[in-house]
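There is one chain below, alone, in structure tokens, taken in the form predicted on its own.
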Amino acid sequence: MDLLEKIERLKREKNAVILAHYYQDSEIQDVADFIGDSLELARAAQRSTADLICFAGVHFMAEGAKILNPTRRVVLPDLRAGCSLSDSCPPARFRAFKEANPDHFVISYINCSAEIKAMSDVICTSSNALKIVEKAPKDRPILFAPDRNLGRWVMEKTGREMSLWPGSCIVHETFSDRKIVELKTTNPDAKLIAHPECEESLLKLSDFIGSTSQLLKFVIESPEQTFIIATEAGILHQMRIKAPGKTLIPAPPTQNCACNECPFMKLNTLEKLADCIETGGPEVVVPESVRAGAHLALTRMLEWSN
């Protein structure tokens, strides 16, 4: 309780706001001023009037807040909180790929670095990917990065051919099709719901596919009572709060491990959260030469999403 009171006091003293992703530990979600998926958090960051934005998420998310709020201080509880998907798309290699396809319209998933965003025409999230691709110029081929699974699903839904960067998320590629089939057999009334970052074979088994916020909405609004959740297990906290009484089964990974939890997201703790608000660090910085191009791509996404 002392730590929670300290965080509330520091927020008032520093005029700070805490933005938290659904994949954060439950205690961090409970102290956050706003909880959301990548699109919702980007909008919250854009609207923020706080002097200090504390981003309880991973590095590319905090970079996004800084890109949209260059005059405000943005801090991340643990700078090691990266992203396997973002890491799978190094800027130098992506630049060469883009230069080899100069006529392509570049759509990058928000799970990428500021440098990749700056080389993109527009950004998308899993919530708005279909809408963004449908709004892309019809007379230009599309280069989609960095998630190949999301890109493949979007191609199937929109009918637009795209050149896909071969990136993936370590969490969403770890689910076991065999174990999920066994779960569905022993729970015949359960609905399998999955994030589009999952592999194609799992998506074909799913009853519903959507972004993190769309999965949450589905569980809340569905008349069904039992769900197998194929995404990062942090979202189950909000599902339990907003859909009490429903049975939620986290999709099992291939190994007997906690591989359905993002190790980067879990680096943030309440103690680190309090420290970063108190000290104003570690700060996330984006060079202006990178920020300008990334800002254009991000704001275009927000405009196209309205």
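In this text, residue numbers run from 1 along the sequence as written. Everything numeric here is computed off the predicted structure, so don't read it as measured data.
Unshown form predicted together with a small molecule; subsequent notes refer to it.
Shown alone, this chain has one stretch from 156-164, 189-197, 72-80, 93-101 that lies within 4.5 Å of the small molecule in the predicted complex by heavy atoms: 189-197.
Annotation: in the predicted complex, residues S88, S108 and R148 none come within 4.5 Å of the small molecule through any heavy atom.
The small molecule is not drawn, but in the predicted complex it has a heavy atom within 4.5 Å of S211. Among residues of the shown chain, N268 is not one whose heavy atoms approach the small molecule to within 4.5 Å in the predicted complex. Within this chain, H172 lines the site of the small molecule in the predicted complex, having a heavy atom no more than 4.5 Å away. Within this chain, S126 lines the site of the small molecule in the predicted complex, having a heavy atom no more than 4.5 Å away. Of the residues A45, L273, M61, A251, just one reaches the small molecule in the predicted complex with a heavy atom at 4.5 Å or closer; this is M61.
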